[in-house]
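Shown next as structure tokens: one chain only, the form predicted on its own.
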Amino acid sequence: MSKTKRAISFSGFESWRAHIKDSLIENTDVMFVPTMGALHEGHGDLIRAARKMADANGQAHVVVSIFINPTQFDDPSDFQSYPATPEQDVLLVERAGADAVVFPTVLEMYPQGVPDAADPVGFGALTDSLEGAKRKGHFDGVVAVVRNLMEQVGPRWAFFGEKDWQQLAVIKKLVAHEFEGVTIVPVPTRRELDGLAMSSRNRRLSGSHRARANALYQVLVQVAESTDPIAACPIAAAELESLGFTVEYLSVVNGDSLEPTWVPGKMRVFVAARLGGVRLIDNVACLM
């Protein structure tokens, strides 16, 4: 299918499924890209990866969802301030080559109403460490909404970015346990020219803070390339603090288990820090 073909926009999964049925493509494999909107070229990479795989498979349908999930925000003000740019999002989805974009309704995602907290999930270090430790209930909300999205869409493949590495690990475990036949496809982090990982939150950085934000990636690389990455973490955290960051964590853990057990070739450096009130996360692989 041509990448220039206009993506069809749907205000809910019910209308999307009706389209699939009416278009006689009900049994076509679905490539799924779930997002929370405020799309950037990192999301574009996910969609382009799905489009490339779809074209290679001969016939497949690429669908993007846009839903700002309230249950994965531990801070209500963060949910309220999360950017919503639906018109621009649809344009990016089209340029990247999707066939459809769905804006799920809250009722579809939470038929019983949005709960105060999602059901707790216990995936060990995958959900309890790093983001899980700093953002209580975050991964409970992630699992709740991804489970519902998978049930609504029934994809053959689903695409997620490596910038949210811990989230990716949690979703892999969820899908392995509950969605046989679905393959999770990781897509590398897209970065700005100065190295800052692309994120919907970057647009909230002021000019002076944006000029300093690339230090996050530079420090990660220094740790990842050091001869003793674990010992380098507190030094790197102090450097970020001196530049105006408030560091929540800067740790080296196993990229598969998110545990500190050292396994050569598996370790990654993870960081979360605030700059000018904007929370930024990133991760890179250790060289050792």
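All values reported here derive from a predicted model rather than from experimental measurement. Residue numbers here begin at 1 and follow the sequence given.
If you look for the form predicted in complex with a small molecule, you will not find it shown, but the lines that follow are about it.
- Comment: the small molecule is not present in this chain, but in the predicted complex one of 160, 103, 217, 157 has a heavy atom within 4.5 Å of it, namely 160.
- Contact with the small molecule in the predicted complex, defined as a heavy atom within 4.5 Å, holds for exactly one of 235, 221, 230, 36, namely 36.
- When contacts are judged by a 4.5 Å heavy atom cut-off, residue 142 counts as touching the small molecule in the predicted complex.
- Contact check for residue 167: a heavy atom falls within 4.5 Å of the small molecule in the predicted complex.
- Looking at residue 189, you'd find every heavy atom of it more than 4.5 angstroms from the small molecule in the predicted complex.
- Mapping the unseen interface onto this chain, residue 146 counts among the residues with a heavy atom inside 4.5 Å of the small molecule in the predicted complex.
- Of the stretches 237-245, 28-36, 258-266, 50-58, only 28-36 has residues with a heavy atom within 4.5 Å of the small molecule in the predicted complex.
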